[in-house]
Ligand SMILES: Nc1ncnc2c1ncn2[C@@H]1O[C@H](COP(=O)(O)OP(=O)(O)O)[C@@H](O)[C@H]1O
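Shown here is one chain on its own, the form predicted alone, set out as structure tokens.
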Amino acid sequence: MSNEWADWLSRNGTRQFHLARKAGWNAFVQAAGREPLRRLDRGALARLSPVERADYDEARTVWNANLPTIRTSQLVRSYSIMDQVVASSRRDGDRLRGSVVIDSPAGVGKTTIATRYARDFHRRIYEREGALTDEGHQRLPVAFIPLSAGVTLKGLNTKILEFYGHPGAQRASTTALGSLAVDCVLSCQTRMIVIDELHFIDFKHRNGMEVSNHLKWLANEMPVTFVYVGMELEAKRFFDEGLLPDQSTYAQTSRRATRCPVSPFDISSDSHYQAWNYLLRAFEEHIVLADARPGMLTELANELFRRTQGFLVSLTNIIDRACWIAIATGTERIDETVLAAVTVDNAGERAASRR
């Protein structure tokens, strides 16, 4: 017999989105937010049957593991930069559009920023223009293309075609792939292409230079705004295209691309410390534990920063693992003891041990 928590799980369980394919991206774009999960106090917990308790704990694990996207200062600033660049998408087809480069260290939420912005953009186009083009093609306002290590020119074009589900992705010649990719973009009236994991391109290697030049060709051929996402791209010389220092003034990318840096949190000033606490309070409101309360995380602000160094991926890891420990041990809250029991990611643990 089903119960409230099993029913909640059937509607709101862990979602699998394969963003690199149009079906997965569309599912991500169209997914509704999770239904709120009711927080039970200890008395209500004790009255659950064993089956209900198991389902409720599983529901809480799913809920607590999916912390909301918070409008941090980093996200707000990034959205502002992207809004400015996307304004150039209104240009006529014979004029070049700018591109955005979200550039940051690992673990600060750059892909989350890009996908959430692109999702909102996609939804706005759908609402205004509908799911089909005037020619009857499926409208795909956004394409999401994650790169892999050692990507080549052919590999880049293949990934674009695989996103659209084009049958020629594996059969067409290298020469034809680029033209097919352009046809897909034009037919589906795509207006934004997110290229993720751009740091996999070695801009000093021949293959990397070919990919870099091909991206410029695509930007010339496709009436879209490119959003590039990668780690330490300025240090990897993405903007000067791997040219020698005295030649860097000839790099087209440096003039066409707008860098959008994203940094980890910092608590070295009062304003930065307040921003860190704002983030923790927002996460507190989301957590479902019987003894959760306001201040549960902010009282641990310094320790959470020591353990995570302000990197979002480490913070979300430590919080959802702490929630699981609190449920499994019956502690039903996050405190210093629970936090000490959490093993976070390797980078966070190494850095914390030096503090």
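Don't overthink the numbering: it's just position in the shown sequence, from 1. If you're wondering where the values come from, they're calculated on a predicted model, not measured in any experiment.
One more form of this protein should be noted, the form predicted in complex with this ligand, which is absent from this view; the next part is about it.
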For this ligand, considered in the model of the complex: do all three of 178, 218 and 223 come within 4.5 Å of it, counting heavy atoms only? no
Only one of 309-317, 52-60, 323-331, 33-41 has heavy atoms within 4.5 Å of this ligand in the model of the complex; I'd like to know which. 309-317
Taking 4.5 Å between heavy atoms as the contact cutoff, choose which of 168, 155, 130, 105 touches this ligand in the model of the complex. 105
Though this ligand is not shown, can you say which of 126, 283, 203, 200 has a heavy atom within 4.5 Å of it in the model of the complex? 283
Residue contact check: residue 68 to this ligand in the model of the complex, 4.5 Å heavy atom: yes
Contact test in the model of the complex: residue 188 vs this ligand, heavy atoms, 4.5 Å: no
Can you work out whether residue 161 and this ligand are in contact in the model of the complex, taking contact to mean some heavy atom pair no more than 4.5 Å apart? no
Residue 72: touches this ligand in the model of the complex, heavy atom cutoff 4.5 angstroms: yes
Mind listing which residues of 106-125 have a heavy atom within 4.5 Å of this ligand in the model of the complex? 106, 107, 108, 109, 110, 111, 112
